[in-house]
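Take a look at this single chain in structure tokens; it is the form predicted on its own.
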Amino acid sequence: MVELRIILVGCGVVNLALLKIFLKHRERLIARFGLNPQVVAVADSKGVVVNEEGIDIAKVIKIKKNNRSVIEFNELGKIHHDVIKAIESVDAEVVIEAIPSNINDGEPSVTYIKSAFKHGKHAITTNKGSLALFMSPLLELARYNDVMFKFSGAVGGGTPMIDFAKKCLVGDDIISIRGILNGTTNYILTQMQKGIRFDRALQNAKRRGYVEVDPSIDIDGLDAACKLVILANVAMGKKVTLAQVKIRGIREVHEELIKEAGARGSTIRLVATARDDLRVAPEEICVNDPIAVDGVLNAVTFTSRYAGDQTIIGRGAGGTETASAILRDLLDIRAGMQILGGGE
């Protein structure tokens, strides 16, 4: 059994779902995978609580359910106000960062990840902004510091798009990527197929919690573009950033366009494509196309030199789904540590 000491940065929907998995399934994780996750620090927007003997995660879940900060409860551990100092000083193997994405400069995610690497800690992130802007230098810094960097949950939520490209198609050359990478716009366009106007569909998406705090990130195609950059870098070996993607969102898609497409046996979806260049734009696609999914589903087709077209479909968001991706990353890190350490 390997005890992994974890610093949790961000205490929103995703990391809370991860804590619930730890709490409910600890015995299974130990028995089946030999993994005993020990959370030794938790940071939310107000500060950090540290307990190197292990934080009572049931209390953390209860506190956050009541919209309180962890630093309001001294019984959890020592209180700190500097996340970076906690990352640097707390004795832990892994930093898990799941804070809201910043697509302008990637901060503070980038600084948190760099701090983890520089102090010999492995890192897991779900942050699209830092990856879309700085993936290549972050990967290089991880290699330089001989640590592991995982980010399966950054694209596709719990749907293993990154893992599929890296592991299932290993040895093949992926020559193009084409898919639906944003569940919010897919939900809106699906609603519009049913005759619901754009503004009403957007409001419906907001009520269901599908929309980013800034809706333009979704409807203007920025979220899908970030995910496309990540996939293109990982799956195709490109070294691109968000600035190199041609982006057009769904604001100009109106009901008449959707009706006309439907009459031709087609639908309109926000399609992300990577081949020679990268682009995100509304496209008319046949309803029988594998990526013509409805609602909040995501779908991506990888075209590889030998295997041809392979399509993976699943939910692109959700706290529990994304937490499952973090758990996969954690198990990968655990396996990697065993190899580096020569086994248990």
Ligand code: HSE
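One rule holds for the numbers: they count along the sequence shown, beginning at 1. What you see is a predicted model, and the numbers here were worked out from it, not measured in a lab.
From this point on, the text means the form predicted together with this ligand, which you will not see here.
Colleague: Pick the stretch from 183-191, 109-117, 268-276, 239-247 whose residues have a heavy atom within 4.5 Å of this ligand in the predicted complex.
Modeller: Careful reading of the contacts points to 183-191.
Colleague: Evaluate Asp223 for contact with this ligand in the predicted complex, applying a 4.5 angstroms cut-off between non-hydrogen atoms, and reply yes or no.
Modeller: Within the cut-off, so yes.
Colleague: Do Leu35 and this ligand share at least one heavy atom pair within 4.5 Å in the predicted complex?
Modeller: Result no; Leu35 lies far from this ligand in the predicted complex.
Colleague: Might Asp172 be said to contact this ligand in the predicted complex, defining contact as any heavy atom within 4.5 Å?
Modeller: Outside the cut-off, so no.
Colleague: Is it the case that Asp163, even though its partner is missing from this view, gets within 4.5 Å of this ligand in the predicted complex, heavy atoms only?
Modeller: Although this ligand is absent here, Asp163 would stay clear of it in the predicted complex, with no heavy atoms inside 4.5 Å.
Colleague: If you check Ile258, Val211, Val94, Met148 against this ligand in the predicted complex, which one has a heavy atom within 4.5 Å?
Modeller: Exactly one listed residue reaches within 4.5 Å, namely Val211.
Colleague: Taking this ligand in the predicted complex as the reference, which of Val293, Ile63, Ala317, Val40 has a non-hydrogen atom within 4.5 Å?
Modeller: It is Ala317 that has a heavy atom within 4.5 Å of the partner.
Colleague: Scan 116-131 and write down, in order along the chain, each residue with a heavy atom lying within 4.5 Å of this ligand in the predicted complex.
Modeller: Residue within 4.5 Å: Lys128 only.
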